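Only one chain is shown below, in structure tokens, and it's the form predicted alone.
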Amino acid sequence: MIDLMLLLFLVVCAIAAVSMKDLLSTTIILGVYSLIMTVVWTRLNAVDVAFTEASVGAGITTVLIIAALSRTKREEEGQEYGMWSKLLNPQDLKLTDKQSPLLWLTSLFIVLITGAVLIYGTIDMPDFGDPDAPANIHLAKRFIEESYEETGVPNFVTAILASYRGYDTLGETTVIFTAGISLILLLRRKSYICDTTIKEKEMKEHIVIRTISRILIPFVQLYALYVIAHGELSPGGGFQGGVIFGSSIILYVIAFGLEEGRKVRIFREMGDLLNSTGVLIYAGIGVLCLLAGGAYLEYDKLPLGSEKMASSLGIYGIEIGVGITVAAVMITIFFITARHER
């Protein structure tokens, strides 16, 4: 019953987000959608995925979209001529919209066909939770029973991400880094004016907000470091911890103003360097494994004590690298999106 209610809430949120023309309201609804998905993942015992959904989907993504909206319009243009009103009332069409209904119907047809093909492709899949499914017979048993002996990491989710599929995680970290660099190249200008807007002047008068932020930010950052450091023992890791740490800096900027945030020396002078540092740490550990006589990312070959200890420390190192890259890219995206260019 609870699962059906959660599914109903997800459907309602999805329809509402698509239908609304107020982009800020849509953003808030998408944040609610992510929070509901967090509960869904928790009920599926995918705590690490739930952690990521809460920090990324409901957290940093919402903040970044709102920052983007601050530079655009809150209302979607042409809302009086919505898609369904044009299809149901052809007399309301503008001269430039005569072919639009055919285009929309064609797009709808393609979407329905694609959805039908995807559903057809899942017919032969094992039932959810089937103990006789190949993944449960072979992979799950291997990861649960042998991952600690092979990697030295108690949390086998971290072992899978950092060891068994370490190449994929390196690729994902590189994608995050590439996204940050792409935004820098596309949006950053060598000379820009960062104005102190009325909103920033008003924020300086909100003593309560600034005081609470001063108290909360150190604890948020400490928790982020805990999530990164304990990713091999409990749910979390570099990705989730990096997002949380980046969110603490964004909270500081929101409370004290963009100009105050840019005065922080480490982000003013080393922001771009931090974007690449995490990827270099990750890739560098793989090179160290090669120099030690092992395969790339074969952590147990590192000269760091026993094989289990070496593997654990190697994975801990790449978690730190992932955390640095994610935090730096999130902060860079926010600064580039939120600043006022002229």
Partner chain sequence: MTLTESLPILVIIIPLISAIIIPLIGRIDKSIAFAFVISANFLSFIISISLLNTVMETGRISYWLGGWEPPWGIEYVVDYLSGFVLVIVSFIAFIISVYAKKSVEMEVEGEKILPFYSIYMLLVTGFMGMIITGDIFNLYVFIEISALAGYALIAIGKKRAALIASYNYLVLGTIGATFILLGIGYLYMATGTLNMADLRERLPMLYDSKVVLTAFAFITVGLSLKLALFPFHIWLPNVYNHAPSVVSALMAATSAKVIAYVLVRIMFSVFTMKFDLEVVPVTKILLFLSVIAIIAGSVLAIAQTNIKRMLAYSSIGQIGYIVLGIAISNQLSMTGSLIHLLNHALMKGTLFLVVGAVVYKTGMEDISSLKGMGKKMPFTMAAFTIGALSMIGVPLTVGFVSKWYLALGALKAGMWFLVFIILVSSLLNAVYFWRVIEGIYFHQKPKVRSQKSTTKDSIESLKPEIQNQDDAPVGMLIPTLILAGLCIVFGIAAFIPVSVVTPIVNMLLEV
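Rigid core: the largest C-alpha set superposing within 1.5 Å between the two forms. Residue numbers count along the first chain shown, from 1. These figures come from a predicted structure and were not determined experimentally.
Although it is not shown, the form predicted in complex with its partner chain is what the next lines describe.
Participant: I'd like to know if Tyr120 sits close to its partner chain in the predicted bound form, meaning any non-hydrogen atom pair within 4.5 angstroms.
Facilitator: Yes.
Participant: Report yes if any heavy atom of Val208 sits within 4.5 Å of a heavy atom of its partner chain in the predicted bound form; otherwise report no.
Facilitator: Although its partner chain is absent here, Val208 would stay clear of it in the predicted bound form, with no heavy atoms inside 4.5 Å.
Participant: Applying a 4.5 Å heavy atom distance criterion, does Ala295 contact its partner chain in the predicted bound form?
Facilitator: Although its partner chain is absent here, Ala295 would touch it in the predicted bound form, with heavy atoms inside 4.5 Å.
Participant: Give a yes or no for Ile249: in the predicted bound form, does one of its heavy atoms lie within 4.5 Å of a heavy atom belonging to its partner chain?
Facilitator: Ile249 lies outside the contact set for its partner chain.
Participant: Only counting heavy atoms and a 4.5 Å limit, does any residue of 149 to 172 reach its partner chain in the predicted bound form, and if so which ones?
Facilitator: Read in sequence order, the residues that approach its partner chain (within 4.5 Å, in the predicted bound form) are Glu150, Thr151, Ser163, Tyr164, Arg165, Tyr167, Asp168, Leu170, Gly171, Glu172.
Participant: When you overlay the rigid core, is the Cα of Leu118 off by 2 Å or more between this form and the one not shown?
Facilitator: Comparing forms between this form and the one not shown, the Leu118 CA shifts at least 2 Å.
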